[in-house]
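In the block that follows, a single chain appears as structure tokens, in the form predicted on its own.
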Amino acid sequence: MSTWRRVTRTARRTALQAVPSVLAILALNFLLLQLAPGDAADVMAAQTGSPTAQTVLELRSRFGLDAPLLDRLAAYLDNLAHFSLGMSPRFNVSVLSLIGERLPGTLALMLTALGIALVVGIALGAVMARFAGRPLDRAISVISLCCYSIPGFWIGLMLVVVFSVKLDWLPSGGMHSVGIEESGLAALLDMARHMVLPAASLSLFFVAIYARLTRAAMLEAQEQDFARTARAKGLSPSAVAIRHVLRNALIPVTTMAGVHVGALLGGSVVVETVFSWPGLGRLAFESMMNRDFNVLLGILFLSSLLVIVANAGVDILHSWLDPRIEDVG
């Protein structure tokens, strides 16, 4: 079977499997958030300074929070059918516009962190496999263990202390410099400068995982028959390692990368809060504190779609990396 047909079949199968998953996620997210104490009306009434029961009832009636649970679920699904995520009681704007403002920042941060984690983790894992059992392998293993064990928020705070407070090399927060109007390449470079610390803080945990995983996969792959055959043909050790061993070792690494998209979204809540990064993670935290469940539902729905798309991309990548992988079902 050609590579194109294999990729097409994989994409079609994944799309069909995603439909029931999305529907189940929608219903589960909605029902779980209804179990949370309080709602937007309680928070908004409390912020007036002198809330009354009548004020809370009027706010609930205004935002439709007093309707029965099944009616609210039906209204939510009806909005989705019309490509709407509803309105935010807190900000009095559409949820879609709020998410649209924050989504680019989160995607940029996530993709940068994932790219750093994959490149650095795979490179370190390849070095560890090449020098397995030697001092360099042990040193990188210890560093990886530290990155894996230390909480992400503490790493972020230490990065701010060292590179922002002590050395004054990088900004401590935000996405752009305050009071400076830039455009084009200058704005892009300014954003990249602000992204260094949050992306590093978010990626270090995954660097450790991918390094250890790449090392184990390469040590296992280099003992397989195809690796011995390649060496018997007279290929150089570097050619065997890169063209044969590493390619097969990428399959478990990319599998974990797809799984970790959800973890990256969860980790972005802490990182975006620490670095004041205007993204979906920070918006989710603010929405939870304000009981703005419409916004939170929209973020959870979009996050679920991102995870499904990422896993579909991993399946397609696997079908290209290893032609032996065949579609089933």
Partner chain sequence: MSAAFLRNKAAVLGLGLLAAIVAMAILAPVLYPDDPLDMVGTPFLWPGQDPSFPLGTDSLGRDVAAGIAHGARVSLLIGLWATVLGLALGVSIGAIGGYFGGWLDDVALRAVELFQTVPPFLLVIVLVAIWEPSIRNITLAIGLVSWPPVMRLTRAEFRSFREKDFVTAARGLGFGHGRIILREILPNALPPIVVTSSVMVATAILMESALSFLGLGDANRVSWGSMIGNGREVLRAAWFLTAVPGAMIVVAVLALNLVSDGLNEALNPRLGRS
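Residue numbers count along the first chain shown, from 1. Just so you know, these numbers come straight off a predicted model, no measurement behind them.
What comes next is about the form predicted together with its partner chain, which is not displayed.
Heavy atoms within 4.5 Å of its partner chain in the predicted complex map, among the stretches 77 to 85, 118 to 126, 166 to 174, 186 to 194, onto 166 to 174 alone. In the predicted complex, at least one heavy atom of Gly262 sits within 4.5 Å of a heavy atom of its partner chain. Although the partner is absent here, Val295 is not a contact residue: none of its heavy atoms lies within 4.5 angstroms of its partner chain in the predicted complex. Residue contact with its partner chain in the predicted complex: Leu28 places a heavy atom within 4.5 Å of it. Its partner chain is not drawn, but in the predicted complex it has no heavy atom within 4.5 Å of Gly100. Of the candidates Val161, Ala139, Leu111, Ala232, Val161 is the one whose heavy atoms come within 4.5 Å of its partner chain in the predicted complex; the others do not. Shown here without its partner chain, the chain has Gly262, Leu265, Gly266, Val269, Val270, Thr273, Val274 in 258 to 282 lying with a heavy atom within 4.5 Å of that partner in the predicted complex.
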